[in-house]
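The data below hold one chain only, encoded as structure tokens and taken in the form predicted alone.
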């Protein structure tokens, strides 16, 4: 592995999020159907989780299924849900062995029963693991998450003795505490594979100051060296959060 701590200063991100793009294009290039690309992508995801854990990354969030993905062809959606229901139980022994805690960001209520039960079982059986949080973003959308938090904030303010004063006290930290991500570390690095350069409704709130990294590599072809390249570029960036370079030294 590459050294991500030059001069003894830790530069690894705590939380890495990945938009796993390119499964369909990879399958087409191989002369295969899209679902085979998704299956290969799921295998790569398992490898990436292990690499991230070995490196010392604390949280890894994978964009598995967005709120907009329901609009894809019904056959593909059913295949994705079946793949989820099949792969999660198979991955449980690896998660236990590698001390991985499985978590979900998003609304899993609309998922088919078999997929939802597999998700709930994986969450329950790995709840006490502490090595790395694997956060699967399922039926997730950044806009939807923010809208849900706005509704939460409105209900909260109405329950306070002074509505206007409650609204005035609402700051970014308090608002984030009302979001689905309230107990998830802020996103440090967002990686998108597949050549597209947009964030596609992923981690919108934390994207405000996350470092963005885009690669042309299609997700099923993503390898350990590609992850290292993203982390090395992250290590070389200066994160100022609105301050000057002199202030962050």
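Numbering follows the first chain given and starts at 1. Keep in mind it's a predicted model, so treat the numbers as computed, not measured.
The next section is about a form of this same protein that is not shown, the form predicted in complex with a small molecule.
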| property | result |
| --- | --- |
| The single option of 190, 64, 57, 45 touching the small molecule in the predicted complex, heavy atom within 4.5 Å | 64 |
| 4.5 Å heavy atom contact, residue 239 to the small molecule in the predicted complex | no |
| Exercise: residue 32 in contact with the small molecule in the predicted complex, heavy atom 4.5 Å | no |
| Non-hydrogen atom contact residue 72 with the small molecule in the predicted complex at 4.5 angstroms | yes |
| Touches the small molecule in the predicted complex: residue 227 (any heavy atom, 4.5 Å) | no |
| Residue stretch of 195 to 203, 208 to 216, 48 to 56, 176 to 184 approaching the small molecule in the predicted complex, non-hydrogen atom distance within 4.5 Å | 195 to 203 |
